[in-house]
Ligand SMILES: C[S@@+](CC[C@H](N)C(=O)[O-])C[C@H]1O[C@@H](n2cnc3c(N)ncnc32)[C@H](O)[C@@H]1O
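Encoded as C-alpha cells, the following chain is the form predicted on its own, with no partner shown.
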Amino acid sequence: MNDHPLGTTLELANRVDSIERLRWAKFYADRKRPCPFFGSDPDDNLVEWVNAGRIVAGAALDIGCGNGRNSIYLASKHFSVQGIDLSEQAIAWARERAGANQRTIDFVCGSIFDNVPKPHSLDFVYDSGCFHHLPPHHRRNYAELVASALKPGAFFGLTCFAPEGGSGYTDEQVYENGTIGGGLGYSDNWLHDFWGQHLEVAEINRMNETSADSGRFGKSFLWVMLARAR
C-alpha cells in the first residue's frame, strides 16, 4: 500500500476525511449498539504489557480513546492520561465513565492532527483502533507524529485490523468509494515495514481471543504491535 496513491487529489482526500468525521460523530450516539469495544474491559495486550512491566507509569496518550476503557485502565495503574477522540459522544461517555471510576483523565474531542503532542513529551502512546481508520494520505504524518511525541526509549502500542478484519479496500478503492469502508486491514509484514521506518518494532502478534467474562477485551482478527522510540 502506498502512502499517497497515484491519482489522489486534495479534493478526494478532503471528501474521505469529511465522510469519516461524520461517521464517527454518529457512531457513539447509540450506546446500546452491538459493538465489541463498547464494553468497559481494557485490551488484553495492554494488561499483559503493564503486568509484565514492559510499560511503566508515566505520561500516556490514548489516541481514538472511544468510551475511555483503556484510558481508565491506564489511570488505575498510575499513568497520567490524556485521551482523544473525534466523537463528541464518545468523549462525553468517557468522561462519565472516568467520573464513575473516580479517575482524573484529560479527555479531548478532536483530531490528533489538530492536537499534536509536544515533541518527546510522552512515555507511552496507545492506539486501539485509530490507525486502521486513517485514510492512506494520513498514514505517514500520523507515524511521524507518534514517533516525535515519544521520549527516547518510550513505547507505542497499536491494535489494528488484520486483513480479514478490514474492509478489503485497496488505497485506490478508498478514494474511488469515498470511504475506508469500516477500516483497513493490514498484514503483519506491511505493519513491520511501515512502522519500522519510524520506530523499533519489538513484536507483532495476533490479539488473544478472550471470553466475555474475562475482564479483558480480545479479538483475534486484530494485530497487536509494540514498538519503541529509537
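In this text the structure is predicted, and so the values were computed from the model without any measurement. Just count from 1 along the sequence shown to find any residue number.
As for the form predicted in complex with the named molecule, it is not shown, yet the points below apply to it.
Contact with the named molecule in the model of the complex, defined as any heavy atom within 4.5 Å, is confined among 98-106, 116-124, 82-90, 149-157 to 82-90. Cys65 is the sole member of Leu184, Leu46, Ala60, Cys65 with a non-hydrogen atom within 4.5 Å of the named molecule in the model of the complex. Although the partner is absent here, Pro136 sits far enough away that none of its heavy atoms falls within 4.5 Å of the named molecule in the model of the complex. The shortest heavy atom separation between Tyr28 and the named molecule in the model of the complex is within 4.5 Å.
Using a 4.5 angstroms threshold between heavy atoms, His198 stays clear of the named molecule in the model of the complex. Of the heavy atoms in Ile112, some are within 4.5 Å of the named molecule in the model of the complex. If you take 23-57 and check each residue for a heavy atom within 4.5 Å of the named molecule in the model of the complex, you get Trp24, Tyr28, Phe37, in sequence order.
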